[in-house]
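Listed next as structure tokens is one chain, alone, in the form predicted alone.
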């Protein structure tokens, strides 16, 4: 193999704390590395030549990521495949694997495309046939979250700042007097969830991008609770608010989902682009929190007694989780998380656990340059499933209804790239992952409805649909 240009040390300011010293890794993009190192044998379009086709999903020497990395690194001398372990770094090899997975998915989507439902048509899936029905078709602006009240009314948030109470498909004016919100990039009015005891206490919880001192230049996630009376927000109480030093002008990675279980409120704070801040338990960035419903900190939280640590932290090392759900069978907490380019994750969330970002990742930088060569490391959790290429994971529900009995307790993970995945967990492992639908729009949220149907919040178009049995 010819290198084609002088190698240099791969440096990323955000990763200065990572163990990169001594690694000679160029900042070539994955497509450049492929054309330089692989195309002469495997074809510029992955079609094969002296070597095999690399986009058809037929991996003769092992189909796991680790198998592909091993072949690139060690080569196949008996078959004329050279070793690249002395000329490509682990980071570069990982970026090549991500690139190959993207091309593999692209080919598969053309030859065996996932279901693309049309309203009213029967869609066949492995366990159930279903139809799509539109619940709210018009009037929403970037809907972000959906929640149901005991009487069947729906709460819908819109990222520009509105909270609406829908009864049942009538779209009224937004609730007045809700907190000031800044629509900063991905931030805005985000998640909503009623108290588990809503019928008694009337509390509704909101998570949103809070502007620092009322200005739109800097923001951080904030969580409050309040009540709705006569279409007005009242009785507001702050549940979580970061110190001003943690506010940022960055417009991405707010995270943000909430879930109640066993008397606790769990919620997500994204790493806000801080990367290594996700590893720092003195900062809220890139963490999942556990608090009492009024914001008090449980004494048995993993870092509650640790000096300088933020006591509400339940787990850390997260990038940008935007799905959170409880399995009612054993009260386990699950989350879906945005990776960078590749490496979206489906995780079971454990007390005090480190989920590795950005030290380990199955992805690469968005521009195709290497991120890290490590996909695992002692003391850091492995995902139950990971999606490379990314599905842009957003929204997660554990199905608990009775209309689709064969889906009972399966997890449904949405993605901003339009796919809805059904994941089955057995004995602590993800044993199947089926794409239920695609092509309806950007899936922002997935929720159980009290009627037993599965509800999906969509952007582009901005609407809410539900899945109902075909019969």
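Computed from a prediction, not measured in an experiment: that's the story for all the values here. Positions refer to the first chain, counted from 1.
This next part talks about the form predicted in complex with a small molecule, which is not shown.
When the small molecule is considered in the model of the complex, only one residue from 84, 303, 264, 148 comes within 4.5 Å through any heavy atom, namely 84. Only one of 435, 430, 68, 416 comes within 4.5 Å of the small molecule in the model of the complex through a heavy atom, and that residue is 68. Considering the small molecule in the model of the complex, the lone stretch of 68 to 76, 173 to 181, 266 to 274, 159 to 167 in range is 68 to 76 [heavy atom distance within 4.5 Å]. In the model of the complex, at least one heavy atom of residue 88 sits within 4.5 Å of a heavy atom of the small molecule. Using a 4.5 angstroms threshold between heavy atoms, residue 51 counts as touching the small molecule in the model of the complex.
Interface residue remark: residue 325 is not counted as part of the site for the small molecule in the model of the complex, having no heavy atom within 4.5 Å. Residue contact with the small molecule in the model of the complex: residue 422 places no heavy atom within 4.5 Å of it.
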